[in-house]
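Coming up is one lone chain in structure tokens, specifically the form predicted on its own.
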């Protein structure tokens, strides 16, 4: 995709996304977060507007493969203050299926997401493994034409509203292989299968989409739901986790821009000494610096999208985009909270309510320290420290 084509796509997506925000705006998003509710009507609006087809090839019912479209949509909706986390999960799970799934899997798992009939969650994190996914204990043993899946995952976002969960599990135990990268597999698990259980976690992100413990107790998964090659799941994961970083970067940039605009609007009007506090350099400069950093992160993000869509290795740019985007968003939110002063902590102002989600993105889906390790080891060729 040329730079001009990428820019045109981003403009078109941003314009179309206004139809989703008309259905669920920021105030309604926060109300549902407080009182309970889903984003099902927003999901239907995305389907009706053709936005769910972004990133899915025309042969599978979409409007064209590539990560740029889904990233642009995630940025636009986040900038409006209504980030749809389950869409992010579905979008990067679909990328792995497109690149590693069979024709039958593409038919089963891609076309229904374009029409809005299927949503996909993602499960990799475990309590005792954390960022060391190779240490996971969830195990899928082959039994005839099924895998029998046992284990527990946590921080599984929007699992209650998903139809399928893309689960990463061991099919060869760590102790039985010399290479820690061998033995992981990716399975599509029907959420309604016997043995699948969910327990809500008390994670307060001021979002309608909740987080869960996922319990897997002798869950029978058909062999045809294996995405990619058994024991070679790392290859499949690379084509899910790089898009995940890009979509999370868009989430951070969009939400950071939302916070920044709220701050700019406020300091233009707030005048306790007779002139707007936005005229004070002590107020201006943190906001201006945040704007510059968000803009720089956005350039890195779409450069990474271009690399991915051109079939190049996006790892370096994807990781750096996530680092820059999450830190820029945090700086923007902090500057805005400081500009609002005490009123930022009034929940009705909906400023402090932005902070938990923005702050989370320095930690999830992978913490920035691990990204710095990646940059140190893979780009700077420095020795590994862990």
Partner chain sequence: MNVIVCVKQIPDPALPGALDSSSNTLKRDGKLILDESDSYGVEMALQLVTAAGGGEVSLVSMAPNGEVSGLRTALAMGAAKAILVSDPALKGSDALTTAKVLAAAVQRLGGADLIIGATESSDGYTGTVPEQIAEILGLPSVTFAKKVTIDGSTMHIERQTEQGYDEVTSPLPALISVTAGVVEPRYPSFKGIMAAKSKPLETVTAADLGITPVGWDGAGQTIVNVSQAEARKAGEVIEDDGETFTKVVSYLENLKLI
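Numbering follows the first chain given and starts at 1. These numbers were taken from a predicted model, which means no experiment stands behind them.
Just so it is clear, the following notes concern the form predicted together with the partner chain, a form of the same protein that is not shown.
*Asks:* 315, 323 and 327: each with a heavy atom within 4.5 Å of the partner chain in the predicted complex?
*Replies:* No, the candidate spot makes no contact with the partner chain.
*Asks:* Quick one: which of 50-58, 28-36, 348-356, 333-341 gets within 4.5 Å of the partner chain in the predicted complex, going by heavy atoms?
*Replies:* Of the stretches listed, the one contacting the partner is 50-58.
*Asks:* Give a yes or no for residue 369: in the predicted complex, does one of its heavy atoms lie within 4.5 Å of a heavy atom belonging to the partner chain?
*Replies:* Contact check for residue 369: no, nothing within 4.5 Å of the partner chain in the predicted complex.
*Asks:* Please tell me whether any heavy atom belonging to residue 12 falls inside 4.5 Å of a heavy atom of the partner chain, as the geometry stands in the predicted complex.
*Replies:* Within the cut-off, so yes.
*Asks:* For the stretch 1-34, return the residues whose heavy atoms include at least one within 4.5 Å of the partner chain in the predicted complex, in the order they occur.
*Replies:* Sequence-ordered list: 8, 9, 12, 13, 15, 16, 18, 19, 22.
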